[in-house]
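Take a look at this single chain in structure tokens; it is the form predicted on its own.
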């Protein structure tokens, strides 16, 4: 099991299974959306906000 610190609140975020690149997860402590930006080494970051697509 891998454990990383949440970049928002510094709580431990545990992975029971190996995460996939670009996987979106939720922090159990602050409910922030996090993205797996690297799997070797494992790095998580705050997920970007969804942008509006106005049909452009």
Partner chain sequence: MIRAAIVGGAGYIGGELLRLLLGHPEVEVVASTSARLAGRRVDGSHPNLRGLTDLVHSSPDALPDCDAVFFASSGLDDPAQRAALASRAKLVFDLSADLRLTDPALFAKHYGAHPTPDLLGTATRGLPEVDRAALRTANLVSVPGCMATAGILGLRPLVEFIDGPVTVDGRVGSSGSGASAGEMNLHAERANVLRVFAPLGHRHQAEISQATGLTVRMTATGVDAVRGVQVLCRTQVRAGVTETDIRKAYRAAYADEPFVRVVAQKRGNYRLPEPKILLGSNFCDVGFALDADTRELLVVGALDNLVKGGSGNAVQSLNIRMGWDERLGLGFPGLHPV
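The structure presented is a predicted model; accordingly, all values stated were derived computationally and were not measured. Positions refer to the first chain, counted from 1.
Only in words, not in the display: the form predicted together with its partner chain, which the text now covers.
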In the predicted bound form, the residue from 16, 21, 9, 45 that sits within 4.5 Å of its partner chain by heavy atoms:
9
Does residue 35 make contact with its partner chain in the predicted bound form, using a 4.5 Å heavy atom cut-off?
no
Check each residue of 9 to 31 against its partner chain in the predicted bound form and list those with a heavy atom within 4.5 Å, in sequence order.
9, 10, 11, 28, 29, 30, 31
